[in-house]
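A single chain, nothing else alongside it, follows as C-alpha cells in the form predicted on its own.
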Amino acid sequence: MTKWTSKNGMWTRRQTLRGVGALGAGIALSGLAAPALRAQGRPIRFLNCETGKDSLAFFAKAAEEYQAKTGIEVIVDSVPLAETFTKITNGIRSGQPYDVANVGFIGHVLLLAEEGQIVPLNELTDAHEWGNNILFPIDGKVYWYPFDYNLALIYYRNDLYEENGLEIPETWDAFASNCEALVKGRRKGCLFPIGSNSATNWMSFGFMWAEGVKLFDDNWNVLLDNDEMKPKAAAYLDFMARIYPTMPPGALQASYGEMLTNLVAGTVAHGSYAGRVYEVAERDNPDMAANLSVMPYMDSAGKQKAVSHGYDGWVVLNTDNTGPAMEFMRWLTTERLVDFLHTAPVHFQPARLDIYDNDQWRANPLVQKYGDAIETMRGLITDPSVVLTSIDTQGPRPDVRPGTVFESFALPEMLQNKILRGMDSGEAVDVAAAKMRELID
C-alpha cells in the first residue's frame, strides 16, 4: 500500500496524490493524463491482484471465454495487492491505462474518483442488496464493485474448549481467562500482531471497536483522547497487556503468514484472520480444520460485538475503452462472479447478499463443509448491532484522513508503547492522539 503521510504531516487529497506522483505514479497533477488510444477494437486491460493459482486460472479461462463470445481480447496482468495502485497510476501516466483494476484500499478509490480517473458503477451495483458498510458511496455514486469483505475474525480451537469445559467468551475477562487456561507446553493462548504493519491494523483492534472507540467526530476532529474515548482506549490497552503473556514469542514480527501458520499448526488456541484459514487448514492439516471455529471480537462488558474488515473490489477506469470495459464487467459480475468466488470459496466472503442464497455458490464443497462458519460471517455483515469498521474506514464518510492514520501505524505504536515499553495506558493514548492530529490537521 502507498504511504500517505508527508514529513510535515500536511495532507489533502491532492497533496497525497502529488506525493504518489513523486514516486513515479502521479496522475492528473503530473500533467500526464492518458492520451487517446485506439477507440475501436482495442483489448480490455484488466489488472488483477488475486494471485492464488485458482484465481489466476479463472481469469485466464474467463479471458478466453469472453473473447470467444464477443471477439474482444481481455489482457489480464496480475500483481500482488501492494503493487496495484502504483501499476494503475503508472499505466495512466504512460498512456497505457488499465480499463479495469482490482483495488483493496478505499483510500485509493477516493483518490482515483476525485481525479476523475474512474467512473461510477451504480448501473452494476444498484440492482443488488449489499452487506453493511461496503459500498462507500461518494455523493450517491458508487465507484467500485466490492466482491469480498475480508472480515478479520477470531478463530478458536473448539476441541480445546470442549476438553477444558470452556464457554465462548462474551467479555474481555472471559477471553483472557480462556487464553490463560489453554497455555500448555509449546501451545500458547492466543496471537494478535502488535508490530507496525498492516496485519496489526487489521487483526488487533477489533476489541477496541467493540468497546465503542471512535477515532473522529463528524468534523474530522480526533476523538481518541477525549473524555469518552480515552478511558475505553486505555482499557483496551490494559486488556491487550493482559493477554500478551499468553502469546508466543515474536508477536512484534507477526504478520499474515505467521498468523496462518500458527492457527493451522495449532500452536495457538486463538488467533485472527479471514476465511482463508479454513482453506489452508483443509489443504495442509485437515484434522485441525475440523477443530477451528470463529467468533467476533467482544467488548469488556459483553454488550457489543465487532469485526474488522478488509474488502476487495474492482474499479473501471475512465478511458476511451470504458464502454467495452463496462460490458465486460457486466458479464463478469453476472455470468462468472460465482465461478470467481469459488476460487477461494471460504476466503472470498461475498459482499452481495444474494450470493449467500445462490444455489451454484452453495454447491461448492468447501462452502457446504464450512457452512456454519459462513453463516456466522453472513450474520456479522447483516446485523446492524455488530460494529463493522476498520482504521481506514473510520470517520463520518469516506476520506483519505483515516487512510493516513492507517499507514502511519499510530495505533500499532500505541500498542507497543503499552505492551513493550510499559507506558501508562492513558499516556499511550495521548501519544497516539497527538500523532494523529499532527498527521491530519
Partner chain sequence: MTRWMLPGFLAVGVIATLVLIVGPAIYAVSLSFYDAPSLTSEPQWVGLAKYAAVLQSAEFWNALWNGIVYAGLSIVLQVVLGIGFALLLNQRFFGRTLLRGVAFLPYLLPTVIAVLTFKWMVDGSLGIVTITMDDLGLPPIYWFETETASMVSVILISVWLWTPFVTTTFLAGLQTVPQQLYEAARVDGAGPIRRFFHVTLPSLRPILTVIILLRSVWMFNKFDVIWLTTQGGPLGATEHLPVLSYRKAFTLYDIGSGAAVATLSFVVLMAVVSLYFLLFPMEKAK
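Residue numbers count along the first chain shown, from 1. Computed from a predicted model, the values in this text were never measured in an experiment.
There is another form of the same protein, the form predicted together with its partner chain; it is not shown, and what comes next is about it.
The stretch from 283 to 291, 334 to 342, 88 to 96, 69 to 77 that comes within 4.5 Å of its partner chain in the predicted complex, counting heavy atoms only, is 88 to 96. Checked against its partner chain in the predicted complex, the residues M229, A181, L252, A235 give one hit for a heavy atom within 4.5 Å, which is L252.
Note on the partner interface in the predicted complex: the residue among A265, L353, A301, A127 having a heavy atom within 4.5 angstroms of its partner chain is A265. Although the partner is absent from the chain shown here, T404, E407 and L420 each have a heavy atom within 4.5 Å of its partner chain in the predicted complex. For the chain shown alone, E413 is a contact residue for its partner chain in the predicted complex, at least one non-hydrogen atom being within 4.5 angstroms. Its partner chain in the predicted complex is not approached by W361, whose heavy atoms all lie more than 4.5 angstroms from it. Its partner chain is not shown here, and in the predicted complex it never comes within 4.5 Å of any heavy atom of D312. Contact check for H108: a heavy atom falls within 4.5 Å of its partner chain in the predicted complex. Taking its partner chain as positioned in the predicted complex, the residues of 179 to 196 that bring a heavy atom within 4.5 Å of it are, in sequence order, R186, S196.
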